[in-house]
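Form predicted alone, single chain, as structure tokens, below.
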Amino acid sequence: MTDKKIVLVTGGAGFIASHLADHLLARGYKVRALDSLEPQVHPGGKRPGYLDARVELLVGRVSDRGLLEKALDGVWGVAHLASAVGVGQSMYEIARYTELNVQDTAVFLEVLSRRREKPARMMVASSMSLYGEGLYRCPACGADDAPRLRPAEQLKARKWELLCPGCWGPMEPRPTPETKLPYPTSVYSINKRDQEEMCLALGRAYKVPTNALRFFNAFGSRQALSNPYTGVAAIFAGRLMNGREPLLFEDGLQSRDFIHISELVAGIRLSLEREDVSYETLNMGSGRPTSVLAVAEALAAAFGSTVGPKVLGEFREGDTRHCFADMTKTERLLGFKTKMSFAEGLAELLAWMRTQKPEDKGDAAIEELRRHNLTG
């Protein structure tokens, strides 16, 4: 319990941020949110109904210096979540993504650096996407590898799995630790790497203890179901709720690490509260791989859908095959470990989805990628 410390949450009206606000309010904090209410995420640019009435919402961009001064007034901690999200979209809206994610963060840090009274704690939302591919091991020859992207010739031949550079046999994915060197493969992941490094460097320089949390695939209620660049579970559900099949790239067996929103926000709070853990990069995932095909099939079964997932057999430029978190460091430093199974988290998501009426924009998003020659 706190003495009503104020936490500023940038991007504070979004999916993750609104759950973080609920979590912090329940533990005695005050929450101030700064959000531009981007219409792609918030239809009509309106305050979402799910945002707790006790949250003080300031509407505007993180690059608004005057608004930032007001937002930072009296703040104890900052959770910097503001970001334009969407790997595919970032590959053709390059300047917009870089402006919103990198330049706006630069303005935010510049304003913060010049204040006499600075926050006591800060965390920045980074992303697993900056890893590129995860770690792999060859079961035949025992070689370990941190591969880059699969060759174009391999993808065009529809051979999806990573191959051992020694014996050319299939590699097995391994948990990915924070020590793996980043290899971002999209503009979005480059942006997230820059956000992470800027916040850690400036936090250290100006003595604002900071942690960078590398989010894996968060899922749960309040995801923007009509936004085709949101999380994969929400995209698939939006399709099914409109009587349409989920669309899967490659063979659908690529795997990701899904963490339920309730557990992710608990980890964010811990990273703010732990005074003995500063200037660290920490994975925030479940440590368990799940294929995107399994996600689509589970959702179809839950909705009782007569249509199943459609495997496109196409690939997207910059896509990775497997990546899931090694949670050893996070468990050791924060004492954080997820307990919720994917099935339990999915039940919460489904209960909320049944109250929604999403508009499916998935076909248009894929056609946009094709128009920019970002599929094959």
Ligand code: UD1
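Only a predicted model underlies this, so the values are computations on that prediction, with no experimental measurement involved. For every residue, the number given is its place in the sequence shown, counted from 1.
Not on display, but discussed next: the form predicted together with this ligand.
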Q: Can you work out whether this ligand is within 4.5 angstroms of a heavy atom in all three of 13, 60 and 68 in the predicted complex?
A: no
Q. Which of 252-260, 299-307, 155-163, 107-115 has heavy atoms within 4.5 Å of this ligand in the predicted complex?
A. 252-260
Q. Taking this ligand in the predicted complex as the reference, which of 82, 235, 212, 171 has a non-hydrogen atom within 4.5 Å?
A. 235
Q: Have a look at 129, 286, 90, 195 for me and say which one sits with a heavy atom within 4.5 Å of this ligand in the predicted complex.
A: 129
Q. Going by a heavy atom distance of 4.5 Å, is residue 119 a contact of this ligand in the predicted complex?
A. no
Q.
Taking this ligand as it sits in the predicted complex, is residue 64 in contact with it (heavy atom to heavy atom, 4.5 Å or less)?
A. no
Q) Is there a heavy atom of residue 38 no more than 4.5 Å from a heavy atom of this ligand in the predicted complex? A) no
Q: Check whether residue 217 has any heavy atom within 4.5 Å of a heavy atom of this ligand in the predicted complex, and answer yes or no.
A: yes
